[in-house]
Ligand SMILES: C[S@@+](CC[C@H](N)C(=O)[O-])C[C@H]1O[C@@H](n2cnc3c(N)ncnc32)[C@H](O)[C@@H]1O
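Below, in structure tokens: the form predicted on its own, a single chain.
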Amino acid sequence: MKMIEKFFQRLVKYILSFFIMLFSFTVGLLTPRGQYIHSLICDYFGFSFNKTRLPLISWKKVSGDEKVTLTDLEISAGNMRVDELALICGVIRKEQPKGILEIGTMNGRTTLNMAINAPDDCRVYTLDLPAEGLEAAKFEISERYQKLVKKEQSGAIFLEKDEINFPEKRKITQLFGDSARFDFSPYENQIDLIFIDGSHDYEYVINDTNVAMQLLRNGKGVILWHDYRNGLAVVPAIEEVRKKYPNLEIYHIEDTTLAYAKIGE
């Protein structure tokens, strides 16, 4: 029975793969999803075209010499490096934003540190896709990112803090939903810094960037993207963003996996 079951599973996979390839090499030639499939095939056979190509910018240029305060430095699955966390907080110290939006809360480690380093009158909004929303997501989410969605509690780190020792948590507003379907209209013209760290799948990176461009206060502010590195869809997605917004100057912050843009200097 097991052999028969495996045979039918392979047959179904074969048929599905055939139609996916048929799509990607016909209609898919003109679609982002089809083009992404081509990139995956090339990557699998060792021909990687998703290489970082943004101009480099120094840490000091984006964060100055600002001193930051950090907490909860232990790294869990899905968390960024401590030096990158410090850099983001340095950018916040330098820019003094009144409104911050984080797309992708995860366990809330970055959220809390951003709030600690943000001005007293800053509001930090953090959006996360709840596990029960996976099936209704507008775009396909890779398994590697689905694992980060399927957690017991979004923002657990800052939710577990007491307000006596961590009064900065009062700055945080949790939002829930799919960033491709969420109604961001109440936050338009209210955000000065946006950190894009949700699903790193191609379509979501493009979607979340489009959202960021709509929310910036008076069209000015800072956008940061996480996991800009070879082999991930963030790289080709940002190249697509550069085509759509030719006047948007995006940089790769040296020695990090962060991409950075400051609009309206």
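One rule holds for the numbers: they count along the sequence shown, beginning at 1. Fair warning: this is a prediction, and the values are worked out from it, not measured in the lab.
One more form of this protein should be noted, the form predicted together with this ligand, which is absent from this view; the next part is about it.
So, Leu112, Asp192 and Leu216: all three within 4.5 Å of this ligand in the predicted bound form by heavy atoms, or not?
The answer is no; none of Leu112, Asp192 and Leu216 reaches this ligand.
Which residue among Met106, Ile100, Val91, Ile172 has a heavy atom within 4.5 angstroms of this ligand in the predicted bound form?
Here the answer is residue option Met106.
4.5 Å heavy atom contact, Leu127 to this ligand in the predicted bound form
Flag for Leu127 set to yes.
Quick one: is Gly221 in contact with this ligand in the predicted bound form, heavy atoms, 4.5 Å cut-off?
Gly221: no, not in contact with this ligand in the predicted bound form.
With heavy atoms only and a cut-off of 4.5 Å, decide whether Leu148 touches this ligand in the predicted bound form.
So Leu148 counts as contacting this ligand.
Partner proximity in the predicted bound form: Thr71 to this ligand, non-hydrogen atom cutoff 4.5 Å
No, no contact at 4.5 Å.
Since the chain is shown here on its own, which stretch among 115-123, 91-99, 159-167, 77-85 would lie within 4.5 Å of this ligand in the predicted bound form, judged by heavy atoms?
Among the candidates, contact is made by 77-85.
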